[in-house]
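Taken one at a time, structure 1 and structure 2 that follow are two forms of one protein chain, written as structure tokens.
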Structure 1
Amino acid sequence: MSNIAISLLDIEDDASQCLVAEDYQTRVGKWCAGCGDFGALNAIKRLLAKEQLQPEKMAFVSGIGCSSRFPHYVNAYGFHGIHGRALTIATGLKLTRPELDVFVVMGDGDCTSIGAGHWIHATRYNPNLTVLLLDNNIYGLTKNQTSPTTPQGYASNTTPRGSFLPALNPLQATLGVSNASFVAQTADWVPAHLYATLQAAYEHPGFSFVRILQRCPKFTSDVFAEQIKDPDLTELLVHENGVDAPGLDKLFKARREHDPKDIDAARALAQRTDKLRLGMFFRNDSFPVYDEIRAVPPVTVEDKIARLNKEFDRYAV
């Protein structure tokens, strides 16, 4: 059975009370020192504070993995689901509780391996979810097994002589799905860009897919070492309708004007490997949103109780 992590801020329901970032964290994250998950959590806290989202009006859904501990640390409704099923749970939640802001947090193995089918179809359905793929290129929680995004030739416990297959590119895969409406990439070591990307994803009406490149200090600390050491190996995608992260022009001199409405250019850029690219690859706000066209009729409290009692009566002795 899935573990359910629920925590609500113990404050009065007062709209005039201003919440700060730390009000959205319940406890210290139990991740390794230097883990990129801390950066993602900090960016989420900043976003929630900026939007002044009330803890009882949002939910965080996850699967299994290091990143999937998110619901335990965010002061909101939370559902810590099973491996690969976060998107199905989140879609069902959004259909039945459309007034909630729903965030989904997954790891690379969680999303792109056992959850790949759900990932592809959730993209096609385009529900109004803010989706974070925290990609550290390895199965970290289960201690160093090759994941679909592990670089070819990279050694792990399951492929000690190096990964046999080319790494799966989550950007290419998502951009190849019909009805994909928002695809972006950012990195945990660029906090300003990470925050700006999550802000844009939250504002998008539809399935906002954000791949967050992150460091695993235990197993893949060297995967992005060259890009971190040399910012010239990273190119920012910039546009008036893209991700606006001020203050990065001096650090990242490689910048490319890219219109996120151009799906063909987005696919071409996602395929290239000459530089690490951060920014908004594609966005289209006009696509139909699943939870709006597939709305579930509201159910009263009395109806819910009646249905529960009817179900319980089936097992009465």
Structure 2
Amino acid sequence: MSNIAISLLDIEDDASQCLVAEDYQTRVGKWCAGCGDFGALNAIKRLLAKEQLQPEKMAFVSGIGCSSRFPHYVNAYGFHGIHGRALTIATGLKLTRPELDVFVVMGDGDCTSIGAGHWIHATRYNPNLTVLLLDNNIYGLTKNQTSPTTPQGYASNTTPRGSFLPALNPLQATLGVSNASFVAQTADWVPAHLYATLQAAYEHPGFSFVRILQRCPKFTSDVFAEQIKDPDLTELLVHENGVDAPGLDKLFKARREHDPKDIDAARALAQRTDKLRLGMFFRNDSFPVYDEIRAVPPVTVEDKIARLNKEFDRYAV
């Protein structure tokens, strides 16, 4: 794997806090050794501890895939749903229980293929969800089939002579959707950046879409190998309103000032293929949030019955 040592920038757990990162894990993740999903789980655990979230006040919703096993390992409510549909369940949950913190975990097949319709629409609804796309460029669970994000020419069991088409770029697609409010990219092998990105995503009021480039040691161990070996192939997007973490400047020399408010620049950067870019592409906290604009004040049973009676007067004969 990685030749360079990327130090884990462990944030010291405050002794006065009652829950530590380990309290947020229920059981050991059953992923392959070296799977990038572990990194995402670690970052989430740290985030939950940092925020001191109450386990019963949050829910993790996923689809089907290796990555969608995620909720089983988190000490929270979890909904391990069906392939591609996590966002729909999460939207329904958030609409009725806006006080819960709702996280969504999807794989690349899950989100960008079978669930692509929901991905577009959930982006537009902009419910207050923290969304993790664990993108290993392959169908992992079903053993090595081409996904929309598989690089062109890359061989898999379904395209043994190489994938036919240019890969779908989830950042570009998301940034193209009206009302998209938060789009970031990070990588499982840069834990400090991953953690900082998830932190920002959690804080964002709206649909925070985080594409996490994720290593699959079984089927796509080579797709990110170059970038992992040579940090100079990666450019960090930085800005006072972006994501950064101590120590990252030492790892990545290429840093680009990018104002996450600038949608045109974000789209242009998302489109470029010269380098791998990590950072906050776009963020706007003032877009309409679906669960906020649809919030309905509760009505007492007495009022409901009185109103129903009035309604029925209209139909009375």
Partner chain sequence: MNRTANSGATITAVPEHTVEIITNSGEGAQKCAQIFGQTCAKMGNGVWTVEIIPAEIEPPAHTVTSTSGNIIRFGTNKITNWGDQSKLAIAFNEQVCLSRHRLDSFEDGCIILHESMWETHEDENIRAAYAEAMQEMSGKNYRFIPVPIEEETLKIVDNAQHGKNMFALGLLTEIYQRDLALIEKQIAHIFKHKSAKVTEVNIELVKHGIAWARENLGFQFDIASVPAEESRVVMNGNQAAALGAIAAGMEFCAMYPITPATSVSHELAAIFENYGGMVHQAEDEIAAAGVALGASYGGKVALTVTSGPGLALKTEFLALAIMTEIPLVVLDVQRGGPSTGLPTKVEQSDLLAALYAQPGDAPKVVIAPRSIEECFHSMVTARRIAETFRCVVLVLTDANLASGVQQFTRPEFDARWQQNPIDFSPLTDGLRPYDWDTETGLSRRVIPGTPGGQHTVTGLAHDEESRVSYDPESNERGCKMRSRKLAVFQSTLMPPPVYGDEEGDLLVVGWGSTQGAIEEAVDRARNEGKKVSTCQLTFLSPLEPGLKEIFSHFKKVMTVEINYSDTVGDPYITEETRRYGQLAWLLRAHTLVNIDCWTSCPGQPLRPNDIYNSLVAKLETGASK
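Heads up, when I say rigid core I mean the largest set of C-alphas that superpose within 1.5 Å between the two forms. Everything numeric here is computed off the predicted structure, so don't read it as measured data. Numbers given to residues start at 1 and step along the sequence of structure 1.
Asks: Is the form predicted on its own structure 1 or structure 2?
Replies: Looking at both copies of the chain, structure 1 is the one that matches the description.
Asks: Quick check: Val299 between the two structures - does its CA shift reach 2 Å or more after fitting the rigid core?
Replies: Yes, Val299 moves 2 Å or more.
Asks: What is the magnitude, in angstrom, of the C-alpha shift at Lys310 between the two structures when the rigid core serves as the superposition reference?
Replies: Spelling it out: core superposed, C-alpha of Lys310 shifted, distance 22.5 Å.
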